[in-house]
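Below you'll find only one chain, the form predicted on its own, shown as structure tokens.
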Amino acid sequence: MDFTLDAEQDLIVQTVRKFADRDLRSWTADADRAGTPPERLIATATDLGFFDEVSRDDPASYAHLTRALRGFELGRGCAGLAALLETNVEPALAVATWGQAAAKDALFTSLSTGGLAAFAHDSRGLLTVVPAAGDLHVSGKLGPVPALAIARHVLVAAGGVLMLVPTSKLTLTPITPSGWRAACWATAQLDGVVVPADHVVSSDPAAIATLLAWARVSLAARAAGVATAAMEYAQAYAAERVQFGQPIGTFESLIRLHDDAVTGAIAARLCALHAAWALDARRAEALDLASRARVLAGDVVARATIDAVQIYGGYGFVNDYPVEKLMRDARAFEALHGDERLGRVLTERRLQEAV
């Protein structure tokens, strides 16, 4: 099996790595404290092509493997800012793939003028979706969702339906959670919001499952990047911090702690890339691989960031040092898009009961 990147992939990885190391890492502490992204984030990312990558006319050409490679590097830089840079992909891909002309016109016109779109999965079943004269009437609470506070549209997966909704129809409440603080989160209240039939993107369960797989692979890649960053910071600190006359990085217990975390991060990255490759190859197992990659990466990033804080000792809990933020950021990877472990357990139980 050949793991060599092609020329385009290699260029993208090198470019995004430089952007993450030079810009995202320098912005992340101030953005986290302020709970808002830096003003120059969108302009800089636009120049790098982050918001003009999904073709309205040829969405099938989109490369999830390239996205996963990019997402890993963004996760190394800042998880909260990475969420904003990735926010358009699911809405644009879904609408381009399954949407009607009206939905495509609304979304892609907005995106072409600098608008952002968010994706929200009603995994807890808080929304009520009622058909009425061909349209849908939607009520309930949505979120929290990253990027929703500044998005012009949100693609909602609820009640077995995918629908594109302008955020102007929603009552938004911006929030700043502990993780991804700069990601412009919000909750939304929907009070009988009418979604026209031509803005219903799909009612096919397979489409929703595919969309969730796209999102899960991206989350997995970014989580692996955060885990890797935690160990990079911890290793640098352990080489400088001296106790008992020697760097703490020479202590066997910390060497083992660091080594196990690096092993986990490498495994999570490979699982994410494998799932992304399976999506691009349209393999039958792609959806399952995406779910498992996201679960593994969520476990790995939670453990790696806690271990990084332990290597820092008491300083690890001080926000003057980067790993405290990374430990908070790790929680968001487990919170989005539902509990896949529970979903697999329930599915397996139903299958057994049907036998």
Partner chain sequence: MDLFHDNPLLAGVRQMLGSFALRSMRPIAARHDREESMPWALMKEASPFLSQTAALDGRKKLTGLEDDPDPKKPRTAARIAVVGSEELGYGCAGIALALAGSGLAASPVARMGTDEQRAEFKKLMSGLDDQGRVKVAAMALSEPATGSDISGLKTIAIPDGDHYVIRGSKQWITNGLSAAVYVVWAQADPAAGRAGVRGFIVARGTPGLVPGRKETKLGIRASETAQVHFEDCRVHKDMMLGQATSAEGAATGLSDTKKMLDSTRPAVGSQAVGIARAAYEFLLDRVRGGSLHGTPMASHQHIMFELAEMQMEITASRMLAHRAAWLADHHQDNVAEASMAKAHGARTAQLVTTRAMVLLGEEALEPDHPVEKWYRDAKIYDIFEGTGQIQRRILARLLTGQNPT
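Nothing here was measured: the structure is a model prediction, and the numbers come from that model. Numbering follows the first chain given and starts at 1.
Note that the form predicted in complex with the partner chain isn't included here; everything after this is about it.
Participant: Is it the case that R241, I306 and F317 all touch the partner chain in the predicted bound form, with a non-hydrogen atom of each within 4.5 angstroms?
Facilitator: Every residue of the candidate spot has a heavy atom within 4.5 Å of the partner chain in the predicted bound form.
Participant: If the cut-off is 4.5 angstroms on heavy atoms, which of these, G115, P131, P196, P177, is the one near the partner chain in the predicted bound form?
Facilitator: The option sitting close enough to the partner is P177.
Participant: Which pick from L279, L111, I208, L257 sits with a heavy atom within 4.5 Å of the partner chain in the predicted bound form?
Facilitator: Contact residue from the list: L257.
Participant: If contact means a heavy atom within 4.5 Å, which one of 65-73, 308-316, 284-292, 46-54 is the stretch that engages the partner chain in the predicted bound form?
Facilitator: Partner-contacting stretch among the options: 308-316.
Participant: When the contact criterion is heavy atoms within 4.5 Å, does A31 count as touching the partner chain in the predicted bound form?
Facilitator: A31 lies outside the contact set for the partner chain.
Participant: Using 4.5 Å between non-hydrogen atoms, is E252 touching the partner chain in the predicted bound form?
Facilitator: So E252 counts as contacting the partner chain.
Participant: Taking 4.5 angstroms as the cut-off for heavy atoms, does L336 touch the partner chain in the predicted bound form?
Facilitator: Output for L336 is yes: heavy atoms within 4.5 Å of the partner chain.
Participant: Does at least one non-hydrogen atom of K141 fall within 4.5 angstroms of the partner chain in the predicted bound form?
Facilitator: Contact with the partner chain, yes.
Participant: Which residues from 103-121 come close to the partner chain in the predicted bound form, meaning a heavy atom within 4.5 Å?
Facilitator: Contacts from 103-121: just H121.
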